[in-house]
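Before any questions on binding or motion, here is one chain by itself as structure tokens, the form predicted alone.
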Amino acid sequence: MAEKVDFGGVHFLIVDGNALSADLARDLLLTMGAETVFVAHSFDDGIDVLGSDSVDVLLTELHLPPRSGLELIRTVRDGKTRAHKQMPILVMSAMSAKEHVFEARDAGVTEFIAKPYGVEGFYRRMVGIVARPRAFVDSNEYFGPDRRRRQVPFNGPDRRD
């Protein structure tokens, strides 16, 4: 854990139906220096918090029956809450098969961490989200953080103008 980031002024919201998992994430954030961590255990409770409190970073589980974390991500990215559309979103989920990760990425998630996760991996993702925000793409088909991670030369036409 080389890089130090002050999480004291960042307001987090954890949406996870599993109370133990939500408590673990909350405890990690508090240990890292966070002072404001809201916890919701359902999609609807999460929407209520997003509508009434100031939240800077959303952490969500994909499995939120009867709805889903993907629906929550799309609701935020579509601007259907009071939350900022460009809010960083971390998915914490045991549903870590490739298709779930790609669905989350295409819904506009900023980072994904598979459960069970380690403290260092969680910390690295939180530092990345808070200290190194990714550029956003706003196109007809996608709104969310730039999905490209690798810097590779590209010789084709630039379609983002």
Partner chain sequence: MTVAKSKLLPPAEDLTQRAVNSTTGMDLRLSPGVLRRLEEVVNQSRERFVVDLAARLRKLRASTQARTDGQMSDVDLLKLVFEESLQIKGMGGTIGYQVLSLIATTLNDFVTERQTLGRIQFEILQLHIDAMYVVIADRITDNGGILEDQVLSGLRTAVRKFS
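All values derive from a computational prediction rather than experimental measurement. Positions refer to the first chain, counted from 1.
Same protein, other form: the form predicted in complex with the partner chain, not shown, and the subject of what follows.
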item	value
Any non-hydrogen atom of residue 86 within 4.5 angstroms of the partner chain in the model of the complex	yes
Close approach of residue 52 to the partner chain in the model of the complex, 4.5 Å, heavy atom	no
Proximity of residue 107 to the partner chain in the model of the complex, heavy atoms at 4.5 Å	no
Residue 56: touches the partner chain in the model of the complex, heavy atom cutoff 4.5 angstroms	yes
The unique member of 39, 28, 70, 101 whose heavy atoms fall within 4.5 Å of the partner chain in the model of the complex	28
All of 14, 74 and 82 with a heavy atom within 4.5 Å of the partner chain in the model of the complex	no
Residues from 104-127 in contact with the partner chain (non-hydrogen atom within 4.5 Å) in the model of the complex	115, 116, 117, 119, 120, 123, 127
